[in-house]
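There is one chain below, alone, in structure tokens, taken in the form predicted on its own.
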């Protein structure tokens, strides 16, 4: 009898059991002051559907998920330990990914799918979610990727630029208590450049006094900046409308000679408009990534002291990263204001900033394709949980799952699902240097 194996197996099974039941308690129903143990009891014994197959207790459901997760991690560890197999897979993937015809075909397929998607999806909920919760979040993730992925600056207050863009649109269209910028209400189309410019100015205002800081200090300052913007929007009633929100923001409208079109309540026209700007921002950010500016951001991200010794001005390029990243957030704010017709400070919270950061980390920091993919996947799953929640799911637990996903990605895949090539090369070089020194 192999006693060491049995002991090791029992220990792992016990750890999985404790971890899974802790997850069941955290995500289970709440207790109350009179009977505090009711929450623990119901979290374990409450019935739940096992992936729609059969009904069982929550303890069994979470234990099964824990075992499946452990086996998946164990499988990937074994796969990574097999260097020859991993090298073969990497070489095959690299050869396919570098093929220009494959890239062109992939872009064409994705473009056709994006155009045809509204004709396939007819559910009103999903049509609305495609714009307000998926396409807009793709824009936000692309902007934050410039700051976090390209320049390596941890920004926990990125939602501030989103709010600036949204409230700038409300200002231009006369939806705020204060007079509009041009003295009269304007079409939201004219608010687009103003919102983008104001968001970029906000990025510069944040950048100049604070970007001499690094690491955790910079993260704390950006967090404070995001909270300040939200508090201003909430408390300056005579300017922003305060907690009650703005007046009605008009929809987009187009009047060119005989051509007249108004974006109404149907989300499909907004979808195509957002997709057009997503493509524009992808092209701009891709060009910047492979320019002198992008290489400067990479140098600052990897070693700011070494970059400064080579003549790169860190403050200049950090401010540029914040300003350029804020541009797409400003336009996302325009879209949100024009589509929803109403703004409240409750929309622009810290949780939203963390949500955008998770999209970037999950997809791959510094990878444009990875960020777009991460935003689409995470937001689609989030909307699915809201629209058709599975048995036992509670909406307040959403950020528990998002936080758990963030922790898992940081442990097992810190570069994201599709890490940027430059970041991969830098990580390989760093690990090689550490091994040689070790």
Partner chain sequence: MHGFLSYLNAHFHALRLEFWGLFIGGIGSGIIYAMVAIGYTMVYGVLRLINFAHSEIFMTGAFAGYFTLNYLIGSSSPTGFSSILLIIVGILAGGITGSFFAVVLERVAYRPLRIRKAPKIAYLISAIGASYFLLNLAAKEFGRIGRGIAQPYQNHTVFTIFGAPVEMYNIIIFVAAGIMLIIVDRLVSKTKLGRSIRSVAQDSETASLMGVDIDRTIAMTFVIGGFLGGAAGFLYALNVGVLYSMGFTPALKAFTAAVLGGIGNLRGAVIGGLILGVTESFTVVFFSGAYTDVVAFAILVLVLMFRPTGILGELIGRSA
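Residue numbers count along the first chain shown, from 1. These figures come from a predicted structure and were not determined experimentally.
Keep in mind the form predicted in complex with its partner chain is missing from the figure; the text below concerns it.
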Does the trio 228, 231 and 411 actually contact its partner chain in the model of the complex, every residue with a heavy atom within 4.5 Å? yes
Heavy atoms within 4.5 Å of its partner chain in the model of the complex: does residue 214 have any? yes
Since only the chain is shown here, I'm wondering whether residue 209 would be in contact with its partner chain in the model of the complex (any heavy atom pair within 4.5 Å). yes
Any chance residue 351 has a heavy atom within 4.5 Å of its partner chain in the model of the complex? yes
Look up in the model of the complex whether residue 399 has a non-hydrogen atom within 4.5 angstroms of its partner chain, and give yes or no. yes
So if I measure heavy atom distances to its partner chain in the model of the complex, which of the stretches 64 to 72, 382 to 390, 369 to 377, 39 to 47 falls within 4.5 Å? 39 to 47
With its partner chain left out of view, which of 184, 119, 235, 244 would have a heavy atom within 4.5 Å of it in the model of the complex? 235
Answer key: of 224, 269, 250, 177, within 4.5 Å of its partner chain in the model of the complex (heavy atoms) is 224
